[in-house]
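One chain follows as structure tokens, the form predicted alone.
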Amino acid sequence: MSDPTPQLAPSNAKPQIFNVSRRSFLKRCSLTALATGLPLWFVERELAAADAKTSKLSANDRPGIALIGCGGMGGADAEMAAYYGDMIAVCDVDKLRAAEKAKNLTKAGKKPKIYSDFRKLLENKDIDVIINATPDHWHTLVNYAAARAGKDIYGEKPLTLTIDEGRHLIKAVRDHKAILQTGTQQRSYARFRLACELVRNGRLGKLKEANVWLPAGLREGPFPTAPVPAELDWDFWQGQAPAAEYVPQRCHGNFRFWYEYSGGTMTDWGAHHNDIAYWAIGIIAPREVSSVRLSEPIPGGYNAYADYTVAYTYANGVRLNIHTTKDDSIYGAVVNPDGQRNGIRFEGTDGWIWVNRDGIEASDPELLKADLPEDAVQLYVSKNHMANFFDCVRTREEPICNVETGHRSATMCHLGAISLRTGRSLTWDYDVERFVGPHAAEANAHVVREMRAPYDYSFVI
């Protein structure tokens, strides 16, 4: 990281100019600290670093971008990406969604080309960057194919459907020298980085545990089958997952509540909050994982567990506990009687820090207000997740959530989902990425899933 100290004016500069500039800078820091709730010392460091950085973006430096997966998150990602490049194409197996998104992304009369097969899109030489916002069970094959086609990738979280897919994807990205940013954008929020830096630097004393609250999933059903909409290629949408009759609740936004296509809220919001816990703890993966199912799926309905607890133990004794909460801001649910919202609480021998997208708090305000020493551990700084990705597309440097980081964060979530599915307490050997000890064979069967033909790796080679 660059020197956070504001640069002084040269000795021959007029004192009045320096004083005004310095006063203006401190005023901006104070206003920012007041608006964000972040400590003044942290804001000063952030703004000074930002002021020292020069932009690499030029009018002629606009890569061609394509969106694969035209749902709500895809649209949001594409709108952000369009600031840094030109939208060349969109792709979706739902023709209406693709057409609507192409219309929305039309700028200055330039309408993105529409594809229904992402493999054909990847043949377009004008496309440099892929925004992958498909459902989880398509993440790996699309990213894998994009890397092999020489494209850079912004891939929605979780990075993969299974742990084994991460190994394949890392190899493809590294072999083809692609830039991949995982869409775990909380790493680009200043308050999450602040919390992690304070934990890493012992501000809480010895870290004892982290507690994560994730939104509870949907527990509904049974659902009747329905005719496949004329605009939807249902077989292609299902991809590698086992074939099933069409049920509207399986498709589009609610796919995440079916294990065939995702892992429930454990791999949905868990991909965000568990990633921050992983960043703060600083160890590749836990050794032990156990879980408790607090409710059972309704037969014929969503089959990912909706209410649960998951407990991880790391080699250094730190525990990470996952809880579900019926947060009223998520999925239209209601607030728990205790009002607990989703977020992360780090607890150490000297106090606690709570952080979520709404703010950051501590058991003692001084835990946040006191500056860190100059030799403190400072984590990767990204102010904007999409901007960080496009900066790295230009510089070929590593983004904040590269392919290995995305794989490790996804692995944490998959471990919890596997413990829930098996109902077992399990031991994980992260050096070989396999379960060991009691029930290992049963659990390892979930590390990789059989891909339904023809939607396996041969489909994209």
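Note that the coordinates shown come from a computational prediction; the quantities given were computed from them, not determined experimentally. In case it trips you up, residue 1 is the first one in the sequence shown, and so on.
Note that the form predicted in complex with a small molecule isn't included here; everything after this is about it.
* Could you work out which of P248, G317, G72, G300 is the residue within 4.5 angstroms of the small molecule in the model of the complex, going by heavy atoms? => Flagged contact: G72.
* Asked: Among W138, W279, Y308, F192, which has at least one heavy atom within 4.5 Å of the small molecule in the model of the complex?
  -> Selected residue: W138.
* Answer with yes or no whether T134 is in contact with the small molecule in the model of the complex, where contact means some heavy atom within 4.5 Å. => The answer is yes: T134 has a heavy atom within 4.5 Å of the small molecule.
* Asked: Applying a 4.5 Å heavy atom distance criterion, does P158 contact the small molecule in the model of the complex?
  -> Yes, P158 sits close enough to the small molecule in the model of the complex that at least one of its heavy atoms falls within 4.5 Å.
* Does the 4.5 Å heavy atom contact test between V93 and the small molecule in the model of the complex come out positive? -> Taking the distances in the model of the complex, the answer for V93 is yes, it comes within 4.5 Å of the small molecule.
* Applying a 4.5 Å heavy atom distance criterion, does R256 contact the small molecule in the model of the complex? -> Residue-level check for R256: yes, a contact with the small molecule.
* To do: Would you point out which of 222-230, 181-189, 342-350, 283-291 contains residues with a non-hydrogen atom within 4.5 Å of the small molecule in the model of the complex?
  => Contact-bearing stretch, as computed: 181-189.
* Taking D275, Y380 and R396 as a possible spot, do all three reach the small molecule in the model of the complex with a heavy atom inside 4.5 Å? -> No, the candidate spot makes no contact with the small molecule.
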